[in-house]
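Only one chain is shown below, in structure tokens, and it's the form predicted alone.
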Amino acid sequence: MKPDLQQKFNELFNQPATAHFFAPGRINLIGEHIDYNGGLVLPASITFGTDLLIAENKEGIFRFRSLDFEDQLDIPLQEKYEKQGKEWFNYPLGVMQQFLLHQKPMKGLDMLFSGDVPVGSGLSSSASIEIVAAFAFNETFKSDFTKLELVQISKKVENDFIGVNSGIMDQFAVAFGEKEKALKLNCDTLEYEIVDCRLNEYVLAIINTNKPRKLSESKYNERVEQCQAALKDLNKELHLPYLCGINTAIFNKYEHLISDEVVKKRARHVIEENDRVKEASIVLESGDLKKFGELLYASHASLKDLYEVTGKELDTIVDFCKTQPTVAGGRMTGAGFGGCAIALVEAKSFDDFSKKLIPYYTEKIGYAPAVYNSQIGDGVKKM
């Protein structure tokens, strides 16, 4: 157990923590904006995440504290909880609500959360908090939920309690991630395969644009509607439940059915990106990181030119990556409109990469990015 966290826990609650849990953040290596089109994604858990220390108390009070936020909450056990403003503790509070809806017995807990996933970066700090809370409650109260059920509970928290209409990829990757592995996940069926993802002489540079990732609800919904329009046009002759029901070769034969050129571009991105996920899984298994890097660049180009969700900040990072011989590839990751990019950088050159990128980006954008060195780590676990 981290001694600084244990010491802080003692100071806050006048008792030692009895258990320590950890859940990571996540990145999506490739496969963007296809989760709502019945396609495949390739997420992985990272070595940044959320620690949670807990101990039962005798007062029947749930005490939420964080080293990252000033807001705190003390609340007794009750039959139902409501969302309270926009504070961070709504995520574990929502998990408690789900446990109560499933009639799981609970007792008062002292809880200390501490995370190093940048909030608003698109690396799933919220899913990390949800999953670590759900896993800790499940272990502490012997609730007998499976890991998949904890993922589904956490998604319901995000959708129903918090009010964010997100998919299941984030919680799934946070829960099921493995060191040096990626997950090829079908977001529709939740079937998945473990993909070897040994980075060898490379590391993952995670570059936060520091542009607040305020995912434009109107732009997001517009993309969803355009994909639905493309599917409707294609189904004049085909019978597809989702756009990703066909590959690029078949799309090329039937794209004439789509009259709107913008809608056609959106559909092309989705279908080609789904094919890239399949190819990326194969090249990662074979250890061909150079080819994987090329697929990262191709994914970003598609998101920029066909799906139009990148923006100046993300494009500036990827343009810089292309000038560096020590970088195999890079792309935006997440929904876009800000947030983060990833780059596959030679480990020995990471510091040099970071030192060069920061002034390059700052000159063009007007403020500095944050650059992190990450590996692919384990999913949720008890420490």
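One rule holds for the numbers: they count along the sequence shown, beginning at 1. Fair warning: this is a prediction, and the values are worked out from it, not measured in the lab.
Quick note: we don't show the form predicted in complex with a small molecule, though the next part is all about it.
Q. Is G49 close to the small molecule in the predicted bound form, meaning a heavy atom pair under 4.5 Å apart or at it?
A. Result no; G49 lies far from the small molecule in the predicted bound form.
**Q.** Partner proximity in the predicted bound form: Y36 to the small molecule, non-hydrogen atom cutoff 4.5 Å
**A.** It does: once the small molecule is placed as it appears in the predicted bound form, Y36 has a heavy atom within 4.5 Å of it.
Q. Hey, in the predicted bound form, does N210 get a heavy atom within 4.5 angstroms of the small molecule?
A. Because no heavy atom of N210 falls inside 4.5 Å of the small molecule in the predicted bound form, the answer is no.
Q.
Test of understanding: in the predicted bound form, would I61 fall inside 4.5 Å of the small molecule by heavy atoms?
A. Taking the distances in the predicted bound form, the answer for I61 is no, it never comes within 4.5 Å of the small molecule.
Q) Check P24, F135 and G377: does every one of them have a heavy atom within 4.5 Å of the small molecule in the predicted bound form? A) No, the whole trio is out of contact, none within 4.5 Å by any heavy atom.
Q: Within 4.5 Å of the small molecule in the predicted bound form, counting heavy atoms only, one of 146 to 154, 103 to 111, 71 to 79, 162 to 170 shows up; tell me which.
A: Among the listed stretches, the partner-contacting one is 162 to 170.
Q: Report the residue, out of A55, I358, A335, A347, that has at least one non-hydrogen atom within 4.5 angstroms of the small molecule in the predicted bound form.
A: None of the others qualify; the residue that does is A335.
Q: Identify which of Y220, F99, Y297, Y254 has a heavy atom within 4.5 Å of the small molecule in the predicted bound form; exactly one of them does.
A: Only one option qualifies, and that one is Y220.
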